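Given as structure tokens, the chain that follows is alone and in the form predicted on its own.
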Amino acid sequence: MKVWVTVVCFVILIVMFTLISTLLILGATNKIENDLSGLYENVVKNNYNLARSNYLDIVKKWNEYKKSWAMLIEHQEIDKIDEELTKIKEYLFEQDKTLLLSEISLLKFYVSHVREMILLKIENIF
């Protein structure tokens, strides 16, 4: 009887941890995507001062999320997001609109890919 109670408690803990980690990543990806949309709009409008402010907010939030994401997702995804943020910083500094918009879109794709990977789906299990 004690073995079954222990197994059930262990399964409940795993399910709770999975739900909490999924909710954390979903919330973070939504916030980053919203901020990236603001950055994208400011670049389209050639408002680079606001775009720099958006970029700094995104980097600040990302540095907070990155620590917890490192325990929950593959490091390759974190490295891709870091790489794109670095490219965006340089293109923002150069005010290269075309490359900047393309890198922002690519970063949005990486962030949404993380969200898709963490969701409990059949294709993510097998």
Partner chain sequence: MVITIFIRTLILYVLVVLVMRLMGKRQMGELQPFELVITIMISELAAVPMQNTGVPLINGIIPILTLLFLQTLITFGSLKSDFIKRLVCGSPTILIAKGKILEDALRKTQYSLNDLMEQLRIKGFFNIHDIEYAILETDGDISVIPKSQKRYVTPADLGIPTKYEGIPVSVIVDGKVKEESLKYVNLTLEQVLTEIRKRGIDNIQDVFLACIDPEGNWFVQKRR
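Since we're looking at a predicted model, the values are computed, not measured. Residue numbers count along the first chain shown, from 1.
One more form of this protein, predicted in complex with the partner chain, exists but is not displayed; see below.
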{"query": "Contact flag, Ile122 vs the partner chain in the model of the complex, heavy atom cut 4.5 Å", "finding": "no"}
{"query": "is_contact(His75, the partner chain) in the model of the complex, heavy atom dist at most 4.5 Å", "finding": "yes"}
{"query": "Proximity of Ile20 to the partner chain in the model of the complex, heavy atoms at 4.5 Å", "finding": "no"}
{"query": "Exercise: Val44 in contact with the partner chain in the model of the complex, heavy atom 4.5 Å", "finding": "no"}
{"query": "Contact test, all of Val3, Ile14 and Met71, partner the partner chain in the model of the complex, heavy atom 4.5 Å", "finding": "yes"}
{"query": "Which of 97-105, 63-71, 25-33, 81-89 lines the interface with the partner chain in the model of the complex (heavy atom within 4.5 Å)", "finding": "63-71"}
